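Single chain ahead, written as structure tokens, the form predicted alone.
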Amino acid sequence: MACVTATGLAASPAEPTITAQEWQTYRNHFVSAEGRVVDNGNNNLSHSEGQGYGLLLAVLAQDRPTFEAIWSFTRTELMVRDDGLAAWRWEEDKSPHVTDTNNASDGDILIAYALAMAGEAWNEPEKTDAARRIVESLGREMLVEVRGNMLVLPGKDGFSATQRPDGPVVNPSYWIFEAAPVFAGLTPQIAWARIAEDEMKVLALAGENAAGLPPDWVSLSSRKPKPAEGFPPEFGYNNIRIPLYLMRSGAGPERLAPYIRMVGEDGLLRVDVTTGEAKEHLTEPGYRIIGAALNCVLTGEPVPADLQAFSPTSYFAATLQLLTLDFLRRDAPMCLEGGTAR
């Protein structure tokens, strides 16, 4: 969880929580020289989520030159919309490279959050101002009220009640709770604390099904949340990061406990929420460490030593492993080898 300063902005740790060797390995695998974060598990395309993760990891590794390269690529290639949000999809072998100009709010949130942290860490007001402009756009363009709850939509186009018969549709993994206090500091006129609390309420309601876990894509057209039409009714690759986001935000055991259901003996489970049956076992180290960290926070069982060594496989798993290591080193060192025992 990022520290928040008296001004409400994010403060990076005094020392990097991602080691130079880990970050060099990540860059070698997934960041091009021009600052493009490459999703090698998805046809080597790039997207706003990846650029946001890259910016955040660069701040945590305190690598200013790479941050500048990733931000330069993001600003020039993806910040092409009139509303101040980022186009979400970029493909190297297509012309134009942006092949979907819709935004993805998780990418926008990650980009703004990382810019705020960089602005504070490196005393660069222009980055703080850039973060503020994105957060203002998120507040203006992406909020929806559903039965008294204020929520962030996944994208500007295609998810509202006027755009889908089962709308509004949300994706709970796009709600990055640790950014809420930072955003509140940037734009106090927007009730980000209330929004985060409302999103956690809806998250709990969406998990009231056979699996006890929220589907990746949730229809809120009726009082009881349900899987959105046109998407697999599953707790899958999107939502496996929810417990990581909750841990990083400082959420308590009552909010973390339901997610122990996604932890199998050999990794994380992709689950059919209509039956509760596992559809796939996700065994990459970057996925397994989320379950191990969750288990440690809830029970005190240390994270296995092999997961504490960064082992990049796919872009997504590697990113989640570094974010989990950052959380453990910062907020739960007792879970790590050499950390303080409980």
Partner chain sequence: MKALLRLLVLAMLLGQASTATAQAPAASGETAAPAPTAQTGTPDETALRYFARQGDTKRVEAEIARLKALYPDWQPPANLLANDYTPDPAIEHIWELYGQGDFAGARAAIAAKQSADPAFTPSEDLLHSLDVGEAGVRLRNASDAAQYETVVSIAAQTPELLTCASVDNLWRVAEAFIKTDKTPRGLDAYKYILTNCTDPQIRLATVQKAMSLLPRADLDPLLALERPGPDGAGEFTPIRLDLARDAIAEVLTGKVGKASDADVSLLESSARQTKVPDDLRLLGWYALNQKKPADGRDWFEMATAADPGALSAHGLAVALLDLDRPGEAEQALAAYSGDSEELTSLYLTAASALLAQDPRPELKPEVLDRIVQETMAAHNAKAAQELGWYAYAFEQPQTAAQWFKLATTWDPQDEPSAYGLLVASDALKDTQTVREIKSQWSAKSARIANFGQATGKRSEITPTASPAEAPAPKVAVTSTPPPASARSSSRSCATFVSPGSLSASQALARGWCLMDLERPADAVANFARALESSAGQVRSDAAYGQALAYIRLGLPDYAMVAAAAAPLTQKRINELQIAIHTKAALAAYEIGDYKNALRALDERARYAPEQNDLLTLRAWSYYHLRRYREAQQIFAAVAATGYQDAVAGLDAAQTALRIQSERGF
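What you see is a predicted model; the values in this text were computed from it and never measured. Numbering follows the first chain given and starts at 1.
Below, we turn to the form predicted together with the partner chain, even though it does not appear here.
Undergrad: Among 257, 161, 210, 80, which has at least one heavy atom within 4.5 Å of the partner chain in the predicted complex?
TA: Contact residue from the list: 80.
Undergrad: So which of 224, 140, 75, 201 reaches within 4.5 angstroms of the partner chain in the predicted complex, heavy atom to heavy atom?
TA: The option sitting close enough to the partner is 75.
Undergrad: Would you mind picking out the stretch of 66-74, 38-46, 283-291, 51-59 that comes within 4.5 angstroms of the partner chain in the predicted complex, counting non-hydrogen atoms?
TA: Every other range fails; the passing one is 66-74.
Undergrad: Does any heavy atom of residue 188 come within 4.5 Å of a heavy atom of the partner chain in the predicted complex?
TA: No, residue 188 is distant from the partner.
Undergrad: Taking any heavy atom pair closer than or equal to 4.5 Å as contact, tell me whether residue 128 reaches the partner chain in the predicted complex.
TA: Outside the cut-off, so no.
Undergrad: Within 4.5 Å, heavy atoms only: does residue 301 come near the partner chain in the predicted complex?
TA: Heavy-atom contact with the partner chain at 4.5 Å: absent for residue 301.
Undergrad: With a 4.5 Å heavy atom cut-off, would you call residue 149 a contact of the partner chain in the predicted complex?
TA: Answer no; every heavy atom of residue 149 is more than 4.5 Å from the partner chain in the predicted complex.
Undergrad: The partner chain in the predicted complex: within 4.5 Å of a heavy atom of each of 167, 171 and 272?
TA: Looking in the predicted complex, the three residues 167, 171 and 272 all stay beyond 4.5 Å of the partner chain (heavy atoms).
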